[in-house]
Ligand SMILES: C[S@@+](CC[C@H](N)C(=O)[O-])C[C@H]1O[C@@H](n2cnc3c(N)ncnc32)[C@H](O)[C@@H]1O
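In the block that follows, a single chain appears as structure tokens, in the form predicted on its own.
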């Protein structure tokens, strides 16, 4: 929690200034190490850039608005934009949660966060906190988030079982995890919904609902995190098979 307090103090004192960008780091101590978990039995897509499509196109589909509506995001919430990239959702969630809420822009690529910090400075967004993560661990404090979104990036998580396991404690009781992806093989930058369901269930997440987004936006799958005491131990997690469409 000391790391979180330090990050918040920097955030309040400097806003999203370049000086703050230079100090972007982890918000929490390491979670369980990757070696304790199985590797996925399917391809992991490479990270090819900080965004998947133009913001104008995504706005034309009301992507951010639909996700916020379906997840019931509200002012005052703390929402994690996990795999924030260029910050498409971060900069749209910031005014939605308002001055009493906050957006945690998290990514494993530090340069993306540095550029996003500069962007939030230009936009004068003062409720965004930046969090560096690892491929197996988002490095977020316990009981931190009211909701989290992973948008078009799940297929790029190198260690999904470890990542989901280490993400769970950061989600408050009653929090929701929303994953947006395309119904296509992981090697083609998507995740078949049945494969996603299997991998989340294997770690102990429970599916709440699945929605089809407009246009080429893909699907939004909503999950609740494992309840207290029900999170599986790493040694009990068995990787899902390479299901149809996951090649």
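Here the structure is a predicted model, which means the values were calculated and not measured. Positions refer to the first chain, counted from 1.
Although not depicted, the form predicted together with this ligand is the subject of the following passage.
Please pick out the stretch from 70-78, 85-93, 140-148, 167-175 that is in contact with this ligand in the model of the complex, where contact means heavy atoms within 4.5 Å.
Comparing against this ligand in the model of the complex, the contact stretch is 85-93.
I'd like to know whether residue 118 contacts this ligand in the model of the complex, with contact meaning heavy atoms within 4.5 angstroms.
Residue 118 lies outside the contact set for this ligand.
Heavy atom of residue 135 within 4.5 Å of this ligand in the model of the complex:
Looking in the model of the complex, residue contacts with this ligand include residue 135, since a heavy atom lies within 4.5 Å.
In the model of the complex, does residue 58 have a heavy atom within 4.5 Å of this ligand?
Although this ligand is absent here, residue 58 would touch it in the model of the complex, with heavy atoms inside 4.5 Å.
Answer for residue 39 alone: is it within 4.5 Å of this ligand in the model of the complex, judged on heavy atom distances?
Residue 39: no contact with this ligand in the model of the complex.
Position in contact with this ligand when the complex is considered in the model of the complex, options 104, 153, 162, 97, heavy atoms within 4.5 Å:
Among 104, 153, 162, 97, a heavy atom within 4.5 Å of this ligand in the model of the complex occurs only for 153.
Does anything in 96-124 come within 4.5 Å of this ligand in the model of the complex by heavy atoms, and if so which residues, in order?
Counting only heavy atoms within 4.5 Å of this ligand in the model of the complex, the contacting residues of 96-124 are 106, 107, 108, 109, 112.
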